[in-house]
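Take a look at this single chain in structure tokens; it is the form predicted on its own.
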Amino acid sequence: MLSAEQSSWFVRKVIFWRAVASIAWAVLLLPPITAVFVIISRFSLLHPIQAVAECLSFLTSASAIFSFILLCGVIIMVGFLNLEYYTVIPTIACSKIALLGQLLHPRQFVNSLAHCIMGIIVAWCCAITIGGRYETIAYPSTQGDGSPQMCLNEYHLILLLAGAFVGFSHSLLGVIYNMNYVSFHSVQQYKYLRFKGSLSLVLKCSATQALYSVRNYIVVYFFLGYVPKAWICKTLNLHLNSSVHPLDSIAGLLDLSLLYHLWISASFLLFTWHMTLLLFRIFVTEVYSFPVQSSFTEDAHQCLPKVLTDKQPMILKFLALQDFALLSQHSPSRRSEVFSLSQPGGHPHNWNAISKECLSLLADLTQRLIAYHDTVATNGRAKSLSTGSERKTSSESSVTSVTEDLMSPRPTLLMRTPASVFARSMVGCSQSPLTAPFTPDLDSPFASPALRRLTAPMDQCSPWFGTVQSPHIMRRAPKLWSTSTDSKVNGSPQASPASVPSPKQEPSKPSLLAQFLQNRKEQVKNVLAKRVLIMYLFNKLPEASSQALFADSQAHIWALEGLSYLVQSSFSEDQFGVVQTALPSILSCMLGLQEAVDRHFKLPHASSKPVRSASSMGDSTHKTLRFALRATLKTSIYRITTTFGNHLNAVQMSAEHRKRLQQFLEYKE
């Protein structure tokens, strides 16, 4: 495993400068955008020439230059927030309470506060740009007795509060729609073409989101507008002009000019922020070419075989898999480096490292699919291990053998999904055999006693001790006797457990106070489980659970494409036959994954493709990743079968996989 200094080189030397380049382009595009906003906000149909002259004079004024400097600072801050909060694996809330927890997270609170402050700054710049009645927070007025006083300019205040509201709502929508999710396009384009093609979508999304935000803000200001007015007047020692209609009334809010300026100001704010986000996505997902092998030892950690085995940062692993998929398809010279042998020794180290990592990713996804299907089939109830462990499907047995073979030299190689998507293993005990987003939480009122017994830590002396991946798949750990499964594999008769006595530990009896508290806790859970609101908040969302299961499937898609193209190219380019040695493992892993995917798509919620929303900048490609994975998997198997044909009949595999492979050979799948 690479050290922290070696794994962070990519962030320092590549990702950081890509983010800086995107921010620089956003700042360079800010002057023309600001000029367009000045013309739109000050243009008059009755006096067009005078309006254009006023716009030109304003753009050269000191206030315009100061406002532009503030806007540049906001753009830089937005760009660094994008760099801080971006992710390549979306965080999908599998229940209403999980989404509420994301919105109330302290990290999200800081993000929302920063967006509120930046929204106020942009709204102040918009007020200076529009001018007229929006320019200042206070204006002099004369009382009835003739004495002067400073009154609150509510038009300026409502514009500033609108900026804060739009910034706050933008931060919340970023969590709901996963705006920090950075996806990779399957079609490679130049940065200019991607930006040009997405510019109209950014403008449409900004105008639409601004319209809804202003509508919601008007409703909130109508009911709560007196609170900030009273606070500002008390803080700045200002007065309210009784001769002017208050804006927190129907007559004050039915001002078309005010609504227009609120809408264009919110659109300008969102357009600049969305444009910065778009540029960041384009720059950070640009293809990066990793060297396959290096002649210098100090640069070995930057080569593709080493980078693929690294876990952090995740953007590095994704770009490495993307580069692997591209080189396997379009670069014969780099493919020859993958097929090459080491000197001295003559070992295919490059191919072994790359293929082992890709097969580990595919085996990990297969295990997750099997665990999810078993959990859904039993409605979260614990299954009997005595009967289920002896009858395994072909996919389960093949995945177990492939996983044990791959993970024997490095047992922690599998790619893990983030903690917000899948539960982490408990400290000091085995992992739960049930995937977290798809089953009731153990501390929730819906957890059954059988589920708690299944997920409870096991005794280390137990023959079942080990990392449990599913109710049927178990990673073997050292034990005192062999199980029935081991006896079948090794061909030796089953040993009696009584032949080797295991030390018995007397369970400690809980105290009366602990029993009392546990009983009261169970009573509270039972009462809460009968409430409709609690059920609504804690119930799992099947569609979201399926999306979370495939949240990182872009990596598996690239692994499938890279392996299949390398196997296809090896038919004519592999001079030493290094790929054919791993062909049985590759085919077994792909066919096992194909069986697991087919079982998953037979579930009712997995076959419904979600409708993409075009009114938000949130990337919804993660919702269709399972369909892309299914298509890529089938295409990859066909790519191998059409290349090798009947030669695959000589490959050793199980009877079930042989039958499924024959369907691909006969084009019946």
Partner chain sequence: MFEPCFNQYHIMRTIIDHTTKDTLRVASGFTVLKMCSLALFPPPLPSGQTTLCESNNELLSGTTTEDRLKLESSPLSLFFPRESLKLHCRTESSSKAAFLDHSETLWMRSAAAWRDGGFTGLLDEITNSNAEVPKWLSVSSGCTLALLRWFSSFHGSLFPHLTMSSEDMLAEFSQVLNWSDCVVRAFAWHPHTDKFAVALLDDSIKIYNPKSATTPTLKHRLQRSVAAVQWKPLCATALAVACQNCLLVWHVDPCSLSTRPSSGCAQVLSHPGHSPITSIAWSPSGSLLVSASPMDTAMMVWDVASESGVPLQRVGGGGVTFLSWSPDGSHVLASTPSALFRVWETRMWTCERWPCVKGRCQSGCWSPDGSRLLFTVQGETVIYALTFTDTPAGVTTCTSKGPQAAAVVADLSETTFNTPDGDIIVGGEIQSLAWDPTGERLAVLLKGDPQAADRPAIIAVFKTRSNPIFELLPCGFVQGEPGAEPRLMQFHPNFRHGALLTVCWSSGRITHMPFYFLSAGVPHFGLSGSPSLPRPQERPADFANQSLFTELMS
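Here the structure is a predicted model, which is why all the values come from computation and not from measurement. Numbering follows the first chain given and starts at 1.
We do not show the form predicted together with the partner chain, though everything after this point is about it.
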Contact segment among 30 to 38, 634 to 642, 43 to 51, 57 to 65, judged by heavy atoms lying within 4.5 Å of the partner chain in the model of the complex: 634 to 642
Report yes if any heavy atom of Q189 sits within 4.5 Å of a heavy atom of the partner chain in the model of the complex; otherwise report no. yes
Determine whether any heavy atom of S333 comes within 4.5 Å of a heavy atom of the partner chain in the model of the complex, and answer yes or no. yes
Would you please decide whether T624 lies within 4.5 angstroms of the partner chain in the model of the complex, comparing each non-hydrogen atom pair? yes
Would L70 sit within 4.5 Å of the partner chain in the model of the complex, counting heavy atoms only? no
If you check Y372, Y181, W351, Y565 against the partner chain in the model of the complex, which one has a heavy atom within 4.5 Å? Y565
Taking the partner chain in the model of the complex as the reference, which of M535, V220, L193, L103 has a non-hydrogen atom within 4.5 Å? L193
